[in-house]
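One chain comes next, on its own, written out as structure tokens in the form predicted on its own.
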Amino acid sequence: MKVKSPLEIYKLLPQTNCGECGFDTCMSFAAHILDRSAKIEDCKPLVEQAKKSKKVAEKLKKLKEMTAPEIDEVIIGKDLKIGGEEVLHRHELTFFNPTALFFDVSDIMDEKTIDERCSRVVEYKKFYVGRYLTLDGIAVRSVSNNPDKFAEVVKKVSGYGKPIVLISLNPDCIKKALDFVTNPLIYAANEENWKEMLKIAKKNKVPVVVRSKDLDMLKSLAATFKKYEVPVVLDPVTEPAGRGLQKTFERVIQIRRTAILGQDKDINCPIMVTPISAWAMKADEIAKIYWETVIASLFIVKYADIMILHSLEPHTIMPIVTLRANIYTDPRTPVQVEPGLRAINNPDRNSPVLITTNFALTYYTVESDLQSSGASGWLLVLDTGGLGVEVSVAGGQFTPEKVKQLMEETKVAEKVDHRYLVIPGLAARLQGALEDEIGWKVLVGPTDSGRLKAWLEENWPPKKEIKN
């Protein structure tokens, strides 16, 4: 995105503050376009006027060019987006489309193996800080070089509903397989087969990976495909170890830096890295798995948009998906959960009512401590904008008024026969104000939720003298 100020966008908007975009003012809309939480197309008056006026159409075109990401965004399957990045370092803005993780099957595997691998890709799910981490797609490799056999496996794999990468340097294999899959990514066009691959990509309107170690050749291939409006992904060839891995790293860095800082439109494409190349090493299986994980981790940080991997072992996948989640979490926005009321361990009408904030780390720590202790309770989750207890109390996001509103919205009073609310020890200073606001007796719990079990054993049901 070449524009740095919302004012540059605002100047080209209708400036009527009509609100049809969902925001109160055109300036607010411009600010949301800048952080990519809104799209130019959301301005309906501008889009409609552009159909009738050449002058407005030019404005719309200019806006789209100004706000387009520095790296092209490519779609695989129905809606898997790769690329679309703006910056070299996420602290400058953020990274938007997480590295897509594809796991391979080949057309010489037996049906049972193919089914097992595809099922593991589809079913993989790891709960992490309020969301499930999953895998993105399946890469089908043509090892047989037989178009009919390859197409048969692609047809089978397409039934699993995941995005697909078709891997073959044989245009006949790709051509045959395209009858059975929607919008796959073709891998790969090189200096020998690019003419045939270009014809196939143009006819079927599918994205293509161009592949070369030589960055001049890679740029030339990319420019040729882009000239015909074919979406392009760059593969600078992944070498798995030693000096080769160093050279791979250097090529990837050079491509991304040139694309963003040099604004070279020929290579402003998503980058593919293939950690699966570790399986070509002369080493035992453990070493291959190790190096595959190392390569994947390295290039999740710098700057792979899509990867092809082989190992589906949990100890391979877990560090990769966890690292990806951390790198692609927006550093500007605290990770948070939905506010509301949670029932922990089947509470009844005599169970305590507790409250915490919707900062994900705080919430899941409290929930986990309650669950593991076996304690039953009603847990109110207050919307503090994703801030922890101490910070939100100090900053005015954790207030008696907001607590009262949450209690009314969740109707927690209808679920219990008592009128006691347990607040975190770090919110102790709100005790008196809360009692005045909500009309309940407020008990100050421990500062550490790990001590909740012992605190509840001693203080619940409430006694005349409550020990904080």
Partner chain sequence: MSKLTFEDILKLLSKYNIEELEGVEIEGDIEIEIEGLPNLQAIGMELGMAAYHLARAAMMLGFPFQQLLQPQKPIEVKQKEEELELIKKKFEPYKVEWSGYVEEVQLGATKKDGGTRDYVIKLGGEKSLPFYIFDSEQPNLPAISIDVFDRPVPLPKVVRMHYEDVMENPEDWAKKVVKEFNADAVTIHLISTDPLLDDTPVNEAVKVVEDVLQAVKCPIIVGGSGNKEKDPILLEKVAEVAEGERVLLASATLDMDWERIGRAAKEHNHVVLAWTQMDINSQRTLNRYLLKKVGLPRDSLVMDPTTAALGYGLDYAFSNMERARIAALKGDEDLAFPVSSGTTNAWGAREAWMKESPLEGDSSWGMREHRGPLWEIVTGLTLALAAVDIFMMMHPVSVAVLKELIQTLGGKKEEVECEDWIAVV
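Residue numbers count along the first chain shown, from 1. On a predicted model such as this, the values are computed, not experimentally measured, just so you know.
Omitted here: the form predicted together with the partner chain. The next part is about that form.
Undergrad: Select, from the options 355-363, 375-383, 150-158, 77-85, the stretch whose residues sit within 4.5 angstroms of the partner chain in the model of the complex by heavy atom distance.
TA: Only one stretch qualifies here: 355-363.
Undergrad: Heavy atom within 4.5 Å of the partner chain in the model of the complex: which of Val393, Leu221, Ile71, Ala100?
TA: Only one option qualifies, and that one is Leu221.
Undergrad: Applying a 4.5 Å heavy atom distance criterion, does Ser212 contact the partner chain in the model of the complex?
TA: Heavy-atom contact with the partner chain at 4.5 Å: absent for Ser212.
Undergrad: Looking in the model of the complex, any heavy atom of Lys11 within 4.5 Å of the partner chain?
TA: Lys11 lies outside the contact set for the partner chain.
Undergrad: For Asn326, is any heavy atom within 4.5 Å of the partner chain in the model of the complex, or not?
TA: Yes, Asn326 sits close enough to the partner chain in the model of the complex that at least one of its heavy atoms falls within 4.5 Å.
Undergrad: With heavy atoms only and a cut-off of 4.5 Å, decide whether Asp136 touches the partner chain in the model of the complex.
TA: Result no; Asp136 lies far from the partner chain in the model of the complex.
Undergrad: May I ask you to list the residues of 432-451 that have any heavy atom within 4.5 angstroms of the partner chain in the model of the complex, in sequence order?
TA: Result: Asp448, Ser449, Gly450, Arg451.
Undergrad: If the CA atoms of Gly385 and Ile40 move by 3 Å or more in the model of the complex, do they move toward each other or away, so closer or farther than here?
TA: Compared with the shown chain, Gly385-Ile40 is farther in the model of the complex.
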